[in-house]
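One chain comes next, on its own, written out as structure tokens in the form predicted on its own.
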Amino acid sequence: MGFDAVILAAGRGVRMKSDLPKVLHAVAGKPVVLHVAEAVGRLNPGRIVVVVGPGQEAVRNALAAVPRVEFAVQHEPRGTGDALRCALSAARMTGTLLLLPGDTPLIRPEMLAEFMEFHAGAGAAISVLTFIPPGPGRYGRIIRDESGAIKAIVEASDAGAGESGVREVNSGIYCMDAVCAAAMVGKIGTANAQSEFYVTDLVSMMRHAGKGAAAHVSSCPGDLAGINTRAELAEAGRAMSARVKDMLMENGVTIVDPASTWIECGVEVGRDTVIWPFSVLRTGVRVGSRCRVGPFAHLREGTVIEDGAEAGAFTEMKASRLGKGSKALHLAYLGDADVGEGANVGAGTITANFDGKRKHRTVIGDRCSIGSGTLLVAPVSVGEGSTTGAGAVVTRDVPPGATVVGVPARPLVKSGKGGGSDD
């Protein structure tokens, strides 16, 4: 169905105890609000209006790549009802409106689609998505009448003795008639413990106006958890990473111990690759087929490991490529490096990519053998088929097929007297 969406992302996140807006904290490599916007975007809305606070350019930047996103500013933090009013003032909406909080990163498009189908068949001006968590805690309580129909939402801070024990709670996700919402949002009052404008009041207001209200209980309460603390942020990260790992394993990747392996959103891994415990694969990493990663590998953004290559124990890579069949099996750091095919990077090799001001690249050609403990001082290239001796400090380009040794590294020259060498 055609619809517009509003995402509320102006909250300060006081309980996070952070200078960073709550919705910009990362869950498995992506900002919280980006997870929400991408889930909504998969349902092809007409527009997505994100309500932000003043000066929150970082939130705008985080959503720059999401299609059809526009912004409305809530200048003062006066509650969710006022945030919705700001959105409706900034963008004229006339059809179905999907309203979501910006701090629910685990929400799935399938759940939203199911909820919107419920709303379309309910014949109500507003529907709320509810769930039953292990403990209702800080969530607003769903109050139903004798027939089971929803009649109000009571915030936890305003709940009386009989209401605080209600287990069904508000997810903060609504479908509503945008025209009805625009007509009523300005009538919301502040007679509550927080002296704020609550969007939850629209449920009882529309019910009393004869417009109708409905509630749909989700069967996946874990997907609706909001984030207000660092502990909740960590739990959401674990859940999202678990989803990523499950998807990879379904597609033919072996993850020896998922519980001790951290893989973020946006990581691509080919079939028959094996990922060993205590490895970290960050957003933006691509690993081919039949590769080996770890244990204790750290693959950072921009890393590409091609088919059959191996990044082994305690190997770290950043913005680097490991070519087909190449190996960096032990204690190596490859930063801003390009390693060709069939190369071997010895234990303890380091590409020194930063000179104190700028990053520089290292190029290692096909079939090179980089000796243990080699230090490659970028910018530098090692030609195809070349070899570096153990402990070499390479500060100049190495020609193809050459062998260099020493500090600084120099070509190895055979003397012709008994097979010795001098440098």
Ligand code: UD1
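All figures in this text were calculated on a predicted structure; none of them were measured in a lab. Sequential numbering from 1, following the sequence displayed.
Quick note: we don't show the form predicted together with the named molecule, though the next part is all about it.
Residues in which of 321-329, 100-108, 253-261, 302-310 have heavy atoms within 4.5 Å of the named molecule in the model of the complex? Contact-bearing stretch, as computed: 100-108.
Please determine whether each residue of L334, T387 and D397 possesses a non-hydrogen atom within 4.5 angstroms of the named molecule in the model of the complex. Not a single listed residue reaches the named molecule in the model of the complex, so no.
Residue contact check: A5 to the named molecule in the model of the complex, 4.5 Å heavy atom: Because no heavy atom of A5 falls inside 4.5 Å of the named molecule in the model of the complex, the answer is no.
Is G340 a contact residue for the named molecule in the model of the complex, using a 4.5 Å heavy atom cut-off? The answer is no: G340 has no heavy atom within 4.5 Å of the named molecule.
Verify the contact flag for G172: yes if a non-hydrogen atom of it lies within 4.5 Å of a non-hydrogen atom of the named molecule in the model of the complex, no if not. Answer yes; at least one heavy atom of G172 falls within 4.5 Å of the named molecule in the model of the complex.
Taking heavy atoms and a 4.5 Å cut-off, does G79 contact the named molecule in the model of the complex? Looking in the model of the complex, residue contacts with the named molecule include G79, since a heavy atom lies within 4.5 Å.
May I ask you to choose, among A125, V293, I153, M317, the residue with a heavy atom within 4.5 Å of the named molecule in the model of the complex? Residue within 4.5 Å of the partner: I153.
Going by heavy atom distances of 4.5 angstroms or less, which of W276, F71, Y139, F115 would be at the interface with the named molecule in the model of the complex? That would be Y139.
Can you tell me which bits of 176-200 touch the named molecule in the model of the complex, meaning any heavy atom within 4.5 Å? Read in sequence order, the residues that approach the named molecule (within 4.5 Å, in the model of the complex) are Y198, V199, T200.
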